[in-house]
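First comes one chain, alone, set out as structure tokens in the form predicted alone.
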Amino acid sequence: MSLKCRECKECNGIACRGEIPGLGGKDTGRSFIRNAEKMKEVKINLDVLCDDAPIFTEAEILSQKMAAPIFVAPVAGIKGNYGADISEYDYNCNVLKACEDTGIVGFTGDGIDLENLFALPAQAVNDHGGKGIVTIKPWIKEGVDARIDVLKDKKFMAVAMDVDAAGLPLLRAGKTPVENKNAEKLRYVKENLNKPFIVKGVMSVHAALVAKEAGADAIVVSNHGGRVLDDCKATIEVLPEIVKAVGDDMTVFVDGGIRSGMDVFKCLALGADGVLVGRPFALSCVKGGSEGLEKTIRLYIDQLQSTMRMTGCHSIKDIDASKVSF
């Protein structure tokens, strides 16, 4: 198998800049690169003078009990982007099995090919007892309705819409194009699926408040891994102000540049309720199947637990802004 990923020692977007299809960031790749760089600038405050008590990484998110607040991010077009000789259905089955075995949750993706890139991944979620979150791209109403129809007889935990995909030229030029979404159009998705609704691709306070107006249960602070807009701020930079703006009204996730359990800790300290991990988890799954992904997930959880131990945190609720600095 000839993978498109160079498997760099440090996954920072420099070597693969501009490689789309592939794993790079858009144009100069600076948005992908900034995600990784700004994550490294957040430093963890070591403090072990505390009670010697057990460390618990468990969390409850959107009424789902999880071993840790970590999700596998949605990936579609696994062959075109990763060079992997595996079907979308099999890839997502591997993701969902690894998630089930480790006690976390995975997202599935979407793309132009309704059957291959959306229906088959949704079927994988259904075949795994509905233990997964399906993602719909911001198609015009015709495309959204087609995906709602696919989901009518499927089991799934929640639905996400990655609204930042509105900027993907290939999707805008398609027969059923994507579009920018306002609160009314977002509310349409939630009302027609009657499931917890997640808006992915929020990078400003304004966007977070629009998602709130639409009745979203959660948002993902995300710039699509740097793949939709060059020279964009890093997700970790905008996370605190977005968390402050929405308060306790919505669950807040974040993705972008998360390369370890230490990075998970940083995101939680800055206000995220959970994180989505894309490239590292997808690559582990492509190379090693469900077993390979399970190994990487367990590594992240172990690293998170170790970081909590070294910062005086015994539970996820103990992680706050006092545990990190810049």
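Since this is a predicted model, take the numbers as computed values, not measurements. Note that residue numbering begins at 1 and tracks the sequence as displayed.
Omitted here: the form predicted in complex with a small molecule. The next part is about that form.
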Check your understanding: Hey, in the predicted bound form, is A76 touching the small molecule, heavy atoms inside 4.5 Å?
Key -> yes
Check your understanding: Is L23 one of the residues lying within 4.5 Å of the small molecule in the predicted bound form, judged by heavy atom distances?
Key -> yes
Practice item. Tell me, yes or no, whether N94 is in contact with the small molecule in the predicted bound form, where a contact means a heavy atom of each within 4.5 Å. Key: no
Check your understanding: Is there a non-hydrogen atom of R298 within 4.5 angstroms of a non-hydrogen atom of the small molecule in the predicted bound form?
Key -> no
Revision key, fill the gap. In contact with the small molecule in the predicted bound form (heavy atoms, 4.5 Å), from 203-211, 217-225, 97-105, 175-183, is stretch 217-225
Exercise for review: Decide if the three candidate residues G109, K137 and V277 all line the small molecule in the predicted bound form, where lining means a heavy atom within 4.5 Å.
Suggested key: yes
